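Below sits a lone chain in structure tokens, taken as the form predicted alone.
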């Protein structure tokens, strides 16, 4: 019997639906907590991430929970050359779009991983929130200070981390911005059908925000969105 409680929020669980007996791959899975949550809900799971250290913890968690999970080390941009399995569901959530240097290749990767008739589900921060980021990297809640259509890559020296306010990453870090139109169009051009696009005025994860907010705080602008796209 598996041990543990799924950590996925109610919106994600309800929008993805029943996963019992289905194969599911979680992209940019980090330490695998969401991956293993899907296993607790009955899916046969795999996770893909670039970090060997993160995957070490993911495998350790799987062992502790007595879950048969497959974790694959790969740059997301190289998955089509390294992974040869096909899945019923491809899943990605919260804070992954900013790490993608090429949204079109990501969409093609998703389609490559899907069985015909399968679907992709994405839940992430809404691109509109980019307008609260100033050019100096500071964030201004509820103020439009940035450019929604900004194309320059964000580069950070000694970037911090939401898990520890005192942690500074010594290497250079990079982030990319994608508009909602670019995201939707990438999946359409990859040969997928958009089943829904939902926008939400609340945060589902307080750690995602670069400033202090309460869980599920309601704003007057879209804070998060979800997208489901099916493989034709």
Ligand SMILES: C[S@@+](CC[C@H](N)C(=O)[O-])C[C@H]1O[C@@H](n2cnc3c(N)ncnc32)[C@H](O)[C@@H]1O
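What you see is a predicted model, and the numbers here were worked out from it, not measured in a lab. Positions refer to the first chain, counted from 1.
In what follows, reference is made to the form predicted in complex with this ligand, a form of this protein that is not presented.
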Answer with yes or no whether residue 44 is in contact with this ligand in the model of the complex, where contact means some heavy atom within 4.5 Å.
-> no
Check whether residue 94 has any heavy atom within 4.5 Å of a heavy atom of this ligand in the model of the complex, and answer yes or no.
-> yes
Wondering, does residue 34 line up within 4.5 Å of this ligand in the model of the complex on heavy atoms?
-> yes
This ligand contact in the model of the complex: residue 75, any heavy atom under 4.5 Å | yes
156, 149, 112, 99 - the one with a heavy atom within 4.5 Å of this ligand in the model of the complex | 99
Which residue among 28, 192, 61, 186 has a heavy atom within 4.5 angstroms of this ligand in the model of the complex?
-> 28
The stretch from 61-69, 47-55, 178-186, 194-202 that lies within 4.5 Å of this ligand in the model of the complex, judged by heavy atoms, is 47-55
